[in-house]
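This document opens with one chain alone, in structure tokens, the form predicted alone.
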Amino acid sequence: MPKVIEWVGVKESDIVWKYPSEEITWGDVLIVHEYEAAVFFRDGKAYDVFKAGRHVLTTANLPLLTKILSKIAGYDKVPFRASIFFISLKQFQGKFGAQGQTKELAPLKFFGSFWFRAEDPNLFVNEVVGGQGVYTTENLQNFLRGYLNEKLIDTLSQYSLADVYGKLDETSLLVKNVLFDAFSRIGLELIDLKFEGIDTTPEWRDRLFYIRTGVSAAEVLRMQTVEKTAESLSKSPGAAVGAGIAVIPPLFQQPAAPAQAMVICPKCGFQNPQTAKFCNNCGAPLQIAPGINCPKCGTLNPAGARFCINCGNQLQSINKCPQCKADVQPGARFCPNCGAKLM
């Protein structure tokens, strides 16, 4: 005799329910209420989905399941076996909470609420209810809490502590977008997500003050290491004045600065600072004076050249001292040989 298959006594908090019998007969009446879906599941795969209404089960409204049954034992064999999962399509609230780390490895505790609903009952049964063996609402809430916590830990590890604390609304929106895709992959729609509490350890709360002022997390850690080391040495048995001298100085040292480029003396090979004009070893000039262009052919000649190396044209006019006849550079006011006034 045909039977009635129906989700009876459903509560507001119920999300999923499995019909207790797996023996189905053609002609059975399936009743699906509003905001419900019934999914036929067999051999690890979901087949036909029924929405709200009164359905008399025949080969016509179970085409997918009939096809697989025909391959196994003939579609006319009754009763056939299949699981029926009822899924509530209402909106539900879940809780999350876990401990993770930020990208600078700061411990992070967080908790909050999220709201979801079944968007694709077939995919939801395949990936979660039937695929994971989650047949009760309690087990389903536990599964979703763990699923969400895992995704949140992975996502928040890509943000800094300052981002999580100082830009929580912006970070929450970015995290929600990432989780929206993760929920879609299991047939659920993530409607909203809200952090209700985020905290870290007291040590990192103190570091957060310095990090917000622009000091890097590595530098804050170094300063706190120095402080703790000095405190430990002062409390150690038998510690005397100067006990931490050998340990603390290396911690106070700033990170080594990058090597400065050096200028090698062309005469003696001594390495000089980049800004030196003369060699610190032999006094030879380190900066090469600009050359002289020949006014006749345009050839660039070495600095101090008196004649062009290409055409032989005179490059610098030479004057004579009227008193000692020594060569004098143009523009000189006194003779470099006898000191006679020239101008």
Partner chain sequence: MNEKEYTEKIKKEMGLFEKIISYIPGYRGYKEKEIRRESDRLVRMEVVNRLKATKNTIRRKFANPTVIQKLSNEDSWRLETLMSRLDRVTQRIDKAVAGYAGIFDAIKVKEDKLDDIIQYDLNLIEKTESLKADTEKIISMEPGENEWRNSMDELISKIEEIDDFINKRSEILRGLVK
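Positions refer to the first chain, counted from 1. As the structure is a computational prediction, the values presented were derived from the model and not from experiment.
Here the subject shifts to the form predicted together with its partner chain, a form of this protein not shown in this document.
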Identify, from the list Ala284, Ala52, Val29, Ala276, the residue with a heavy atom within 4.5 Å of its partner chain in the predicted complex.
Ala52
Asn177, Gln271, Thr225, Thr201 - the one with a heavy atom within 4.5 Å of its partner chain in the predicted complex:
Asn177
Can we say Glu170, Asp181 and Lys194 each have a non-hydrogen atom within 4.5 Å of its partner chain in the predicted complex?
yes
Tell me, please, which stretch of 112 to 120, 263 to 271, 142 to 150, 129 to 137 lies within 4.5 angstroms of its partner chain in the predicted complex when heavy atoms are compared?
112 to 120
Non-hydrogen atom contact Gln158 with its partner chain in the predicted complex at 4.5 angstroms
yes
Test of understanding: in the predicted complex, would Leu190 fall inside 4.5 Å of its partner chain by heavy atoms?
yes
Evaluate Asp43 for contact with its partner chain in the predicted complex, applying a 4.5 angstroms cut-off between non-hydrogen atoms, and reply yes or no.
no
